[in-house]
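Below you'll find only one chain, the form predicted alone, shown as C-alpha cells.
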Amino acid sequence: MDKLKIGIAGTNRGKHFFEDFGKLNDAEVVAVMDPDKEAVDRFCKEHPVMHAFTKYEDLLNCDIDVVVIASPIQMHAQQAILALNKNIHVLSEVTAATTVEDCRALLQAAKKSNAQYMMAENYCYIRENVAVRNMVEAGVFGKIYFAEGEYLHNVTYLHYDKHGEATWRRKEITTKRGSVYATHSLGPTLDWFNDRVKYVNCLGSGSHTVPEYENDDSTLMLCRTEKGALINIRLDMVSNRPHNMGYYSLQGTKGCYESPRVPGEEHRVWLKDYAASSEKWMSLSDFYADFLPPELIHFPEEAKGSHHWGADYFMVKEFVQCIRENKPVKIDIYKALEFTLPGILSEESIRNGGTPIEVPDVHTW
C-alpha cells in the first residue's frame, strides 16, 4: 500500500501529531487546516506540508485517508461526523463530544461509515497504565473493585489569548460545572476494568481560585460500573499547585497499585502472591519484563521525544497499523462514548446536588 495520507485540523496540538506521524514509514501528513490564517502560516514554516487551508471542508476534499481532529473541544463531534460521512478515517482528540445529542449523532455516523473512528485517549497508551492493564488481565491483582484517577493541571494561563479574548478552554470548560474533561483519568481505569459506567454522582468544591469562573476548582465524579466496581475521578484545572496530570490507584483482592503523588516517587505495587511482607511495596518496573512488550520496556528513540511520556507515539503507531491492516482500532466509537458520556452527565448530577445519574448503554442506541 501507499502511505496513508493524513490531514490535521488544528495547528496548535496538531504540530505534535505532525511530528509523531512523521516518525512512521507508512503515513505522511499532506495537509493542515486552521481557521486562523496566521497559525496556518506559522505551522507551514516549521512543518512543511503540500496543502494548507482555513476551511475544514477544504481539508476533507483534499484526497486524504485520515483526518486528525485537534480542534477545540466543541468542534470534535461535528468535524468527525463530516469526515465519517465522506468515509475518511478519524483520530479525534478528547473528548469525543460535549453533549448527549452529539454522542448519538456521532455514533450513527460511525455506524454508517466505511471508515473507522478512534478517540485519541493517549493516557491509555502510557507505559505504566499498559503494564497495570496486562497485570489485571493476568489476575495478579485478584478481583479488582476500586480505582482512582486524577487530572490536576492548572491551565488558567491558557484561558485568554494575547489579545485578551477568551479561548475555547474559558468558554467550554470553565463555564460548566461537572467533570467535563475526565477521559484522561477515566479512560485508563475503565480499560483496566473492561467495563462501562452505569451511574455517576458528582460534587464540587465551589469556585475559589478564580471566583468569577462558573466551574468548581475541584470536582469529584464517583462512578459505579455495570459490574459493580467503584471509580473515583478528581478533576482540577484551576487550583494553584504543581501539576499532577496522571495519578491513578487500583485495588483488588490480591493486590494494589499506586502511581506517584509527587515527582521522583516510583510507581508501586503490592501483590499478595509476590510480597515478602504484608507492608512492603514493590516497584512496578520490576514486572515490566513479564507484562510489557519489549518496545515499551526499552523505548525507541521515536518515543522518547513524544508527548505524554511517549504515549502519543505508540498511540499514533498503533492507529496507523490498524487502519492499514483493516483491524479494529483500540478506542473505537463505543469506547470513546463510554469514556465521554460520564463526564457529560456529571453536569446534570452536580446541578442536582450530587444525585446519581444513569449513564445509557451506547450499545443499545
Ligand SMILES: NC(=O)c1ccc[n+]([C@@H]2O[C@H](COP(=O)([O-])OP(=O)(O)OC[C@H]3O[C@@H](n4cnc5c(N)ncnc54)[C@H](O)[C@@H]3O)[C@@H](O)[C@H]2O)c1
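Start at 1 and count along the sequence shown; that's the residue number. Everything quoted here is computed from the prediction, not taken from an experiment.
The protein also exists as the form predicted in complex with the named molecule; that form is not presented, and the subsequent description refers to it.
- Taking 168, 274, 146, 281 one by one, only a single residue has any non-hydrogen atom within 4.5 Å of the named molecule in the predicted complex, and it is 168.
- Checked against the named molecule in the predicted complex, the residues 88, 75, 107, 238 give one hit for a heavy atom within 4.5 Å, which is 75.
- With the named molecule omitted here, the record of contacts in the predicted complex names 75-83 of 75-83, 288-296, 265-273, 225-233, defined by a heavy atom within 4.5 Å.
- Residue 28 falls outside the set of residues with a heavy atom inside 4.5 Å of the named molecule in the predicted complex.
- Residue 10 belongs to the set of residues with a heavy atom inside 4.5 Å of the named molecule in the predicted complex.
- The named molecule is not drawn, but in the predicted complex it has no heavy atom within 4.5 Å of residue 125.
- Of the heavy atoms in residue 318, none are within 4.5 Å of the named molecule in the predicted complex.
- Annotation: in the predicted complex, residues 6, 67 and 102 none come within 4.5 Å of the named molecule through any heavy atom.
- Interface residues of 21-58, taken as those with a heavy atom within 4.5 Å of the named molecule in the predicted complex (partner not displayed): 33, 34, 35, 36, 39, in sequence order.
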